[in-house]
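This document starts with one chain, in the form predicted on its own, laid out as structure tokens.
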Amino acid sequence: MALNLENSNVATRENRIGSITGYIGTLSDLANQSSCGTLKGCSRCFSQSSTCLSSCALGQLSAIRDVAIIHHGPAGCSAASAGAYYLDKVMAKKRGVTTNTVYIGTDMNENDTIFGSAESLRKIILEVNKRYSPKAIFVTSSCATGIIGEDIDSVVDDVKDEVEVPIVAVHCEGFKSRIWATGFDISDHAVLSSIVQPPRQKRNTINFKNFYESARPEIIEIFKNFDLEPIFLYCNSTIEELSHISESLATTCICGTLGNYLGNGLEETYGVPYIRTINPLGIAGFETWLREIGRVTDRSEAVENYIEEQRKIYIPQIEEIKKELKGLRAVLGMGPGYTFEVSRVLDELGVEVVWALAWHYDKKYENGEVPPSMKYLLENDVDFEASVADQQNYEVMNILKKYQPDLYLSRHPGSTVWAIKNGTPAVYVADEYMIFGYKHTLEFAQSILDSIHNRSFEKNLARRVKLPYTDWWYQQNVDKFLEEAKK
């Protein structure tokens, strides 16, 4: 789909790439329906939880150093700012840099929601610019401003001549999409349309979209083998760095859900190749990803030498630990960028996936193709029961009760806690690089063994905790509250 960077608004994932939040069936059926365009999402007549997309958008933008986020809405809509501010400071400290990013809420009141508050917003923008001298200003909307039709684009256009730094309107009303990952696309759109400049020269850099750059030193060392320098986006990025990402040799990411919009946008607008492979998790993922980087940057020989050297170190150790993992059964609950990638790694390690839940599902990516993780599983005859549930924990608990797996894996702590209360050993795949490359694949396999070798904590906790779910719910089919897709 062609990007329109002249328009500050981004279509939702549902409307743009046909993403869904409700489905139950098998992996093969999900992928086949995606390929032929017949997949329709179901809604639920009961929903236990969800997340606001603005948190994803604001979290990405506030991680950029020395910018101002002006969130135009009631005070309650800025509730997440304290957590984002703290996290950004911690990540900067960990990296050894400083960030002076500020997060300002405009505190709309009842009067503002009736008569509008464009003039107040204008004054706030100018005062923020004068007081904090940010390197860029992101003026973000809220549900309240979206409902009353506050024209933040006009306000931003009016003050552009009075503000000497990039300023952009960011439309991240929480109600516009059930899929919170739409917030990632919204933040990417803002960066592409207002910060990134046309290339002036090519550099030996690779854009690397990730969440918290926890493996930064390690990846820098790996890329040195190929005379490449990674540019990590957006955690601790600077406006100066972002203005030059059109000059990189390629763009890649640790999570397809996170990096898809930016990667396609840079390729479509500036011709920067986007690495469209399975993610660098597990052995097959890491090697496939490295080889594609080698092909795109004309460094295949150096990549093959590195792979050969590393395989000698790690493959024998991984093969040894696979003997202990063989026969284990697992259930997963994660965002789609990880669900099907981690399923692939588990299959690689000899662990049987009996059910995988994705918090949403993208039928196709921006280039019109089925996500590479799905394509890989189908081409390698991997199939299992699968569902799409936007973090509906009651469905997770029903599945765990029925299937009694050896292990539950999730990237969301709240979900793993419930599994442990149920007596199921759980691995919290918190760090985005937890399964990255040879070394971390080995560590991941060891973490699984640690979790299942001593189950006393889960057993003792389960005996002492009374869960809110009744026997009635456990006897129901998982799709009890799923409504048929509209024809």
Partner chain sequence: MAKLLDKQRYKCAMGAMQTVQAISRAIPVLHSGPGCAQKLSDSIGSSGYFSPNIFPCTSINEKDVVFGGVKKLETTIENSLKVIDADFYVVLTGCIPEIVGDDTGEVVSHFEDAGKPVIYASTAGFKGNNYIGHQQIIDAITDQYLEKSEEREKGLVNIWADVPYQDLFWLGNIRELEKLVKELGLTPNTIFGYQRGIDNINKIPKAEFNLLVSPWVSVENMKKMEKKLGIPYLHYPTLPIGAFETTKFLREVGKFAGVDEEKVENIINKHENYYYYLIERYADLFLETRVMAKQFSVVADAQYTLGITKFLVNDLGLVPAKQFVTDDTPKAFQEQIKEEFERLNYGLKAEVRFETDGYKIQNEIREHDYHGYPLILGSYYEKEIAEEMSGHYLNISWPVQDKVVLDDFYVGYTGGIRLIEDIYSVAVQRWN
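Residue numbers count along the first chain shown, from 1. Predicted model, so just to flag it, every value in this text is computed and none were measured.
There is another form of the same protein, the form predicted in complex with its partner chain; it is not shown, and what comes next is about it.
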Scan Arg411, Lys364, Lys176, Arg344 and let me know which has any heavy atom within 4.5 Å of its partner chain in the predicted bound form. Lys176
So which of Tyr314, Tyr306, Tyr85, Tyr270 reaches within 4.5 angstroms of its partner chain in the predicted bound form, heavy atom to heavy atom? Tyr85
In contact with its partner chain in the predicted bound form (heavy atoms, 4.5 Å), from 195-203, 371-379, 181-189, 136-144, is stretch 136-144
Going by a heavy atom distance of 4.5 Å, is Glu324 a contact of its partner chain in the predicted bound form? no
Answer with yes or no whether Cys52 is in contact with its partner chain in the predicted bound form, where contact means some heavy atom within 4.5 Å. yes
Can you tell me whether Arg131 touches its partner chain? I mean in the predicted bound form, with a 4.5 angstroms heavy atom cut-off. yes
Mark Gly96 yes when one of its heavy atoms lies within 4.5 Å of a heavy atom of its partner chain in the predicted bound form, and no otherwise. no
Heavy atom within 4.5 Å of its partner chain in the predicted bound form: which residues of 215-251 qualify? none
